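Presented as structure tokens, the chain that follows is alone, the form predicted on its own.
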Amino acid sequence: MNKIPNRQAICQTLLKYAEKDKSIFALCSDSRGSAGMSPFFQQFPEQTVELGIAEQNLVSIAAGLASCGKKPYAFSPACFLASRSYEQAKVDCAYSNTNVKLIGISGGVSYGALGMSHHSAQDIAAMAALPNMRVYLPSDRFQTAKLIEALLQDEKPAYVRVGRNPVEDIYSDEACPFELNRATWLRSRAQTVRVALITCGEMVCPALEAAGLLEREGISVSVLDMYCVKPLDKAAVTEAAQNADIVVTVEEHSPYGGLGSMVAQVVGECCPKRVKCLSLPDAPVITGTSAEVFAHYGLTGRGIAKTVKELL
């Protein structure tokens, strides 16, 4: 079992490039430990800013650094970064098209036991609604590293959401196909299947598990890792829908405004098929560990497979 969370992969990637690129900055809101960024703060103290519990200032100062030619990465729990800092993300980053990378750590229900105040089930919808703001949910440490490397090469704002705990490897050092803003096919591309599973972030692993369970029962499945929620890879969504009887999306988010809503819109416009969106409920999420929350709402391999069989 992998023991490296995606947040640590971000730190390792930034450490790799910060020695030669002194414009890379890391900013934290009393969250360097939670973000896994302590090694960066220790190794490059002159390229760091600690704001304390002041998320709005975190984003505004990051935007100021970007306007001076720096490459700021602003880390804060996703539940606060996408809510307390929303005006700053809107005006200082998106409206100004500023080169700020907002890293929402402990996203989704990573802080499950702390309840709704610490859940980020609306962040995808909120950030995706901002013009110029891109939204990414990498599925494992290898894809996370590829994403950060790609984002270091551009000058546009982005929101990256990662969870708190390690997730099982989907890819590897040798096999991690990646193209910025293009989804990755994990199963059965260009084949006619019963079900197309489109998912992102920590839900990719259970979706793959569900695909394996379904295929053992003779139900053909394609799986699309849509790490780029915005800009959504519409061509991949259309291809997946055209080659399937039904489309099922799986996400760690509210049922409104996230991956499922975006996929349903594309499918409805381009190739009408039945779309089922599996997500967290439109209600305060239960408290418990991430695993307990996922199990309760059917966001596990077995839970997803059960829902798909009921749909068929």
Partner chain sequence: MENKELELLSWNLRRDTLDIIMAGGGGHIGGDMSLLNALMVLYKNHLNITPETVDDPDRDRFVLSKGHAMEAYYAVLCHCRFLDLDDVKAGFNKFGSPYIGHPNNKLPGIEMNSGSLGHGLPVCVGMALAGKRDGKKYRVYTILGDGELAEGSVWEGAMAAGHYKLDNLCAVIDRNGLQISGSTEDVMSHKPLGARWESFGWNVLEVNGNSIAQLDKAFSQAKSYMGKPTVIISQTTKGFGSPLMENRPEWHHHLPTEEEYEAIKADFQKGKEAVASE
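Bear in mind that the values here come from a model prediction, so they are computed numbers and not experimental data. Residue numbers count along the first chain shown, from 1.
Heads up, the form predicted in complex with its partner chain isn't pictured, but that's what we're talking about next.
- Using a 4.5 angstroms heavy atom cutoff to its partner chain in the predicted complex, none of 223, 228 and 239 count as contacting.
- In the predicted complex, its partner chain lies within 4.5 Å of some heavy atom of residue 98.
- Mapping the unseen interface onto this chain, residue 91 counts among the residues with a heavy atom inside 4.5 Å of its partner chain in the predicted complex.
- Using a 4.5 angstroms threshold between heavy atoms, residue 276 stays clear of its partner chain in the predicted complex.
- With a 4.5 Å cutoff on heavy atoms, residue 294 does not count as touching its partner chain in the predicted complex; it lies far away.
- In plain terms, the part of the chain that comes close to its partner chain in the predicted complex, with a heavy atom within 4.5 Å, is 66 to 74 out of 246 to 254, 66 to 74, 280 to 288, 261 to 269.
- In this stretch, 289 to 312, not one residue has a heavy atom within 4.5 Å of its partner chain in the predicted complex; the partner itself is omitted from this view.
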